[in-house]
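Below sits a lone chain in structure tokens, taken as the form predicted on its own.
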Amino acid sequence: MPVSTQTRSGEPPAALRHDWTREELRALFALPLPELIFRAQAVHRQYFDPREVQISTLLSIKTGGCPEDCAYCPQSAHYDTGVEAAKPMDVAVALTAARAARAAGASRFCMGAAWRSPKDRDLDAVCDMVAGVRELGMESCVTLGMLTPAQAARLKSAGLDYYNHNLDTSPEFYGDIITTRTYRDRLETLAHVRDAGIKLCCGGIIGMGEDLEDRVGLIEMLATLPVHPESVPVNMLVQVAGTPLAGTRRLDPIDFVRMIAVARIAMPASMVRLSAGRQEMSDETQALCFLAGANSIFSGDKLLTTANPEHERDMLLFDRLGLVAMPL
């Protein structure tokens, strides 16, 4: 998605900032909701058509058996969630799913594998999938865990557009959620991806029991990177029985809307992706998220292993709100 070089009024958009402080971000979170959404929508319109929402599809190409202990994840081998470890998907099966997603209006196809980090031989099939998705004229994104510089370079050569590797939460709260991989590990993979010339898809999850300061801390980490992630997924925790976070206090939907709005203001040229958790959101909550600057959703009845609204429901909501799918 090309970023506009001028506002809809013909003026150049506000300059991107990489010096956000926690104090400034706290102040944004504290604004009355109408004021916060007004500011976020004003920024959003400087860079994007406010009617357009990118439709993305996410496919699990290797499910279950992950050695990481992420407390939110049903694919972790540490927890009994009913998700069985499976072999990697065949290239032909993945590309059939990509063609179906394109026919349904998706312009971005994302593929996720439950690995701590891929083996070099694993990349053979992944690179073929990436090349096939690109041949369909779609944006390609993969999430495979930690990467070496050589692996990132190989994915770039295959034509990969985006690599997803979320920070998940603030540095301070991270250790309460994951112990098998450090925050530094995640930042190093982001650097390898960026050095290879691949765009970053990097965001986090809220509703895991973190406090406001942790949400501030996550936005600060993302918005002070040397280059903002071109894609910022904002996920609401999907509670899965068997994971440590099952039974966590439910998130106030307005707090989720605030997270979307602050992400939009702090990273105005990024795609802000309304990601996991939509199955449990009302249409009204999703409408507020779009008003606050979200401009991408994942369409399809499943996100890796958890439920997601059906495509028909999303299209009905788009019709009600006057939104349109972002073109290929």
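Numbering starts at 1 and follows the sequence shown. This is a predicted model, so every value here is computed, not measured.
Keep in mind the form predicted together with S-adenosylmethionine (SAM) is missing from the figure; the text below concerns it.
Stretch-level contact analysis of 212-220, 112-120, 192-200, 248-256 against S-adenosylmethionine (SAM) in the predicted complex, using heavy atoms and a 4.5 Å limit, identifies 112-120.
In the predicted complex, S-adenosylmethionine (SAM) sits within 4.5 Å of a heavy atom belonging to Gly145. In the predicted complex, S-adenosylmethionine (SAM) sits within 4.5 Å of a heavy atom belonging to Asn164. Contact check for Arg102: every heavy atom lies farther than 4.5 Å from S-adenosylmethionine (SAM) in the predicted complex. Taking the partner from the other structure, S-adenosylmethionine (SAM) in the predicted complex has no heavy atom within 4.5 Å of any heavy atom of Ala94. This chain is displayed alone, yet in the predicted complex one of Val238, Met89, Leu155, Met138 has a heavy atom within 4.5 Å of S-adenosylmethionine (SAM); that residue is Val238. Contact residues in stretch 176-190 (any heavy atom within 4.5 Å of S-adenosylmethionine (SAM), taken in the predicted complex) are Arg181, Arg186.
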